[in-house]
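Next up: a single chain in structure tokens, the form predicted alone.
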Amino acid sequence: MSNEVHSALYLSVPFCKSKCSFCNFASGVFSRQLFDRYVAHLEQAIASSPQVAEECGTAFDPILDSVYLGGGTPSVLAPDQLRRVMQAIRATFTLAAGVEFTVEIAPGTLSEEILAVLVEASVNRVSLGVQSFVDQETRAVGRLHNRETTLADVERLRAAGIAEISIDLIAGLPYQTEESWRRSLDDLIALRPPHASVYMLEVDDDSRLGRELIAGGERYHAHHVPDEALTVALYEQAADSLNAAGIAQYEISNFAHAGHESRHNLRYWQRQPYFGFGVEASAMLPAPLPGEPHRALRISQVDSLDALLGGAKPERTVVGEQQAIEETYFLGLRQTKGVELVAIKQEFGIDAVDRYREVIAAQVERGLLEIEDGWLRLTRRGRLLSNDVFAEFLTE
């Protein structure tokens, strides 16, 4: 595959068979009558990509080297609806040789018809939202699958020729213990997936479980959620176990065998351009002006399905040079390898490093950052306090 970077496309499908209590995304259970309207919206949005690029002042590149259908659960669409989305992509874009084509799937939603559409569309990577291999834990948060369903879906994907499988786990679910977490990790490692993601349960008021935890209540099994110390310990146990199994940590929440890192996610962390359509989707496209070579536009779609289908316009935010520098630090530092300071100087000028020398020194002193051979990276402890570190690189 060529090292040249082409376009990337993210599509959000906000539909689920059930709404997980921990979910803080703009997704949920909707009437199937909305599915056709939403697919029609995606078809029109994808077709508008050349116009969007023109409005940003950048050339439209029709070649895709990364496609990602996320959600929600894209596999809850009817087969003909999913096929229409795939056809819309090919009507506007061309898939590059070696394209990474990912679809998120919830275990138990992979019908034979949906699997056939994935194969027909040349999907070669699936992200499975497993979250846990322990049935009590998945039931507690509203997941509809069980361990056996997950194992069967992995086998069916591989039999169909889709070997690039990523498995998601969440540390901190209700009823989770060190012993039950060990069982989930053992099951994951035994499957030998090329990629895995491990997230710590987010406690905020954007999910039902988060609101209940903040309120100190017992609904949604909130009184059985591990405390913060145990959740952190489970995350660190996962990092140690996956690294030891050769599924190396390459980002705060992501692990992969060498050569199987998510190319689509790397685009985000390395600030490469991408289109994004659908509820709560975002895009970033170059928008250079004379004297402003790093200028870009970040395009954020609304987080309401009704508003989107009602014609709401996305919000467009100019990314200037200073913001580009800040993003280079806090997105780059998400990666285990960190950021190369010489490369930042070469791209933005020496001041882009010099102005942060005191910030960097202070975080090194705190044990949250380290410098080795010109690379600045988070320490193990720094990954747990990454948001605190990232905030130090922001000017506002």
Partner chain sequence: MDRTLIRNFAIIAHIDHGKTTLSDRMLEITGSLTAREMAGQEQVLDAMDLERERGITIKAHAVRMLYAAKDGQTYQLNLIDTPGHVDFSYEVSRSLASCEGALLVVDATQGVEAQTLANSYIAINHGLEIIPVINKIDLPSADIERTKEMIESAVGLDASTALPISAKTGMGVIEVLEEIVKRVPPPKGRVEAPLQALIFDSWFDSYRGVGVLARVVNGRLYKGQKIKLMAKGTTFLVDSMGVLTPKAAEIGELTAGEVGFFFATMKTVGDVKIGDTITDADHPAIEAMPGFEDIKAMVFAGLYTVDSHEHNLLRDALEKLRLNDASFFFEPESSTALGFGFRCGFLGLLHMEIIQERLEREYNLDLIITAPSVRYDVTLTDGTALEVDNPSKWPDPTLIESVKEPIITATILTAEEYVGGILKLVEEKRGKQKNFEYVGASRVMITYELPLNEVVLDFYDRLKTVSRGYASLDYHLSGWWESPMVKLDILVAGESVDALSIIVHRDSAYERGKALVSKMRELIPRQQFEVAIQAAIGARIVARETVAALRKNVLAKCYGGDISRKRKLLEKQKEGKRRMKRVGKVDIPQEAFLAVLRVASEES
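Positions refer to the first chain, counted from 1. This one's a predicted model, so the numbers in the text were calculated from it and none came from an experiment.
The protein also exists as the form predicted together with its partner chain; that form is not presented, and the subsequent description refers to it.
Q: Looking at its partner chain in the predicted bound form, is some heavy atom of each of Y199, E202 and Y274 within 4.5 Å of it?
A: The answer is yes; Y199, E202 and Y274 each reach its partner chain.
Q: Report the stretch among 157 to 165, 142 to 150, 111 to 119, 322 to 330 that approaches its partner chain in the predicted bound form to within 4.5 Å, counting heavy atoms only.
A: Residues of 322 to 330 come within 4.5 Å of the partner.
Q: Work out which of D240, D135, E292, E228 lies within 4.5 Å of its partner chain in the predicted bound form, going by heavy atoms.
A: None of the others qualify; the residue that does is E228.
Q: I'd like to know whether R37 contacts its partner chain in the predicted bound form, with contact meaning heavy atoms within 4.5 angstroms.
A: The answer is no: R37 has no heavy atom within 4.5 Å of its partner chain.
Q: Consider N254 of the chain shown here, and say whether it contacts its partner chain in the predicted bound form, taking contact as heavy atoms within 4.5 Å.
A: Looking in the predicted bound form, residue contacts with its partner chain include N254, since a heavy atom lies within 4.5 Å.
Q: Using a 4.5 angstroms cut-off on non-hydrogen atoms, would T92 count as touching its partner chain in the predicted bound form?
A: No - in the predicted bound form, heavy atoms of T92 and its partner chain never come within 4.5 Å of each other.
Q: Would R366 count as touching its partner chain in the predicted bound form under a 4.5 Å heavy atom rule?
A: The answer is yes: R366 has a heavy atom within 4.5 Å of its partner chain.
Q: So which bits of 267 to 282 sit within 4.5 Å of its partner chain in the predicted bound form, heavy atoms only?
A: Y268, W269, Y274, E280, S282 sit within 4.5 Å of the partner.
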